[in-house]
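Below you will find one chain, with nothing else, as structure tokens; this is the form predicted alone, and questions on how it binds or moves follow later.
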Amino acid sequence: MTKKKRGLASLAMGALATALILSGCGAASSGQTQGQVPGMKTIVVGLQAEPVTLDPHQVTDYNTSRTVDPMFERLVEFKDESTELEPGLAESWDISPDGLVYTFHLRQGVKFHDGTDFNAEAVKFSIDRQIDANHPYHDTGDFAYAEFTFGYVKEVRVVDPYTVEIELKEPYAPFLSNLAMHSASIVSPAAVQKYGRQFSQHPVGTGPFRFADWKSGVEVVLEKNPDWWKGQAKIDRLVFRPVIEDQARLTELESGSLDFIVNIPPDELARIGASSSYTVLRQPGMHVWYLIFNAQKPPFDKKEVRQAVNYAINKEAIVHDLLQDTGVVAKGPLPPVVWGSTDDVKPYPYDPQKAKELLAQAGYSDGFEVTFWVPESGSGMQQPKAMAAAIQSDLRKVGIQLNIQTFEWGTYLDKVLGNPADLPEVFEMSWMGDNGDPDNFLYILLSGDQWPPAGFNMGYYKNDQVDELLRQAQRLSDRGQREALYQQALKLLVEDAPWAWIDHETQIVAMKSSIKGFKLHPTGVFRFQNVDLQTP
């Protein structure tokens, strides 16, 4: 592609700069949430952290995507409770026999929140803005997902006002699924042209809810779109509030200032679930929590050391005792709910003696000392500080000393997405799948083609055999053939141990029982357009 990305570091810094700008203009002086408004149906959602942007093309984290998604739509969408595709802003589409040209027939009569028309020009603008370095509005954002989502796009052509063609450089099987991701959201060209980089604070899409207000550190307020092409949502307002501490979030739910929360403290789940005042929903997650080893820096440039750490961590104890079975132990990087997953891999049971033997083979019989970065909270990070302490204790038993350094989530993202020369030997991370395709885990996170700034292989791991298998899988349309290739790649990856994978979190939310019709989605986004509030 023609775009030369500036890098994930600039994305993180841009996001933090946005937060600083917002904190200087428009923050509520009283610090009070708007909360409920008499006569208006409102749901107040408690998130783990504040969104870092409201531009869907710049989204990289869970909390941000949950806030942004209600405002935007895409050509194709995931069905409720599934990653199967259905028509969205495109009523239908055709794919050429060679798999290179996708022709989308667009829905007519759809308006953006600013009153401008949705059409083929808006589709072309939304893609070209991200991938064309010469596009006049390419400098309005830092698009971390652009390479992954649109890296195979050769050209976007407007055939007529409601027909658009997207031509690929070569066949790419996950492409349609990628078009249902946040980075493929269709934005208002007029709004981007009006606000420039400040579009991240003035988002305009076609979705069921539209932007109303953002008070930095306090809340983001959305209101229903009265002109949504599917009809109006049943609730009037959505309010997203950052409440960093899990216990504080639960306290605010029980006090009534929040209606819906994520990441309930595991010890409290049974109590909350037993109360008629609340509804708790669970769903197996497309999630993995892991330690990233810096594969370019000793001692983790040696496979035996990486394997030793996997043996040394008592993953079962973390999941059962610390997380109270709110996840399942990970056997590899791909969640079991994602097709392509296999149990036919080499396991890493808890075996400190085996870990010591591998360390000795690698020349570290006396162990070693390294820096370990840990966030205080964050998207999909579960109990990051407590998990870090448990891992530190386990590794100390085999002679490995982890020196923990903790950071606030925004700062943490800035650092792990920054200069690779500044990365420590090991750090925590999590990933939630965007589209239900194995490519969205294995390629973007572990391919040698996806070293930053191209993707999110932040440990700078590379295995030529894995890379070739993942590339082959992208070019095939037959799912059975693709699955066989991914399973071969998984066996190599588990043997090579580029990460220490710990668990796959179960997606859990708690809400007031007055909220009716909410359904969890495998991608982790929240869909409130069909939700209603039961009045007393």
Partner chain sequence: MERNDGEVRKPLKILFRDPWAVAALGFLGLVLFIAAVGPWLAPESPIDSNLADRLQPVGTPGHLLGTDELGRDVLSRLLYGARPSVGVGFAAVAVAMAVGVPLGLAAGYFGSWVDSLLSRTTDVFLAFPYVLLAIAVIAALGPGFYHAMLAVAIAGIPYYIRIARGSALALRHRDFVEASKSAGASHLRILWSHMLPNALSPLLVAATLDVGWMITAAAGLSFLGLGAQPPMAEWGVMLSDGRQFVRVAPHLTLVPGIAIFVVVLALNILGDALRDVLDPRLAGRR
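Positions refer to the first chain, counted from 1. Because the structure is a prediction, the values reported are computed rather than measured. Under this definition, the rigid core comprises the largest set of C-alpha atoms superposing within 1.5 Å between the forms.
Although not depicted, the form predicted together with the partner chain is the subject of the following passage.
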Worksheet item: Though only this chain appears here, would S365 touch the partner chain in the predicted complex if you measure heavy atom gaps against 4.5 Å?
Response: no
Worksheet item: Taking 4.5 angstroms as the cut-off for heavy atoms, does R396 touch the partner chain in the predicted complex?
Response: yes
Worksheet item: Should Q465 be counted as a contact of the partner chain in the predicted complex, where contact means heavy atoms within 4.5 Å?
Response: no
Discussion item. I'd like to know if Q392 sits close to the partner chain in the predicted complex, meaning any non-hydrogen atom pair within 4.5 angstroms.
Written reply: yes
Fill in: Among 297-305, 404-412, 216-224, 283-291, the region lying within 4.5 Å of the partner chain in the predicted complex by heavy atom distance
404-412
Practice prompt. Please pick, from S82, S257, Q361, Q324, the one residue with any non-hydrogen atom lying within 4.5 angstroms of the partner chain in the predicted complex.
Written response: Q324
Discussion item. Within 4.5 Å, heavy atoms only, which of V153, I318, V370, A173 is in contact with the partner chain in the predicted complex?
Written reply: I318
Practice prompt. Residue by residue through 354-392, tell me which have a non-hydrogen atom within 4.5 angstroms of the partner chain in the predicted complex.
Written response: E376, Q383, K385, A386, A389, A390, Q392
Worksheet item: With both forms fit on the core, has V398 moved 2 Å or more by CA between this form and the one not shown?
Response: yes
Practice prompt. Examine I502 after superposing the rigid core and state whether its CA is displaced by 2 Å or more between this form and the one not shown.
Written response: yes
Worksheet item: Core aligned, does the CA of Y412 move at least 2 Å between this form and the one not shown?
Response: yes
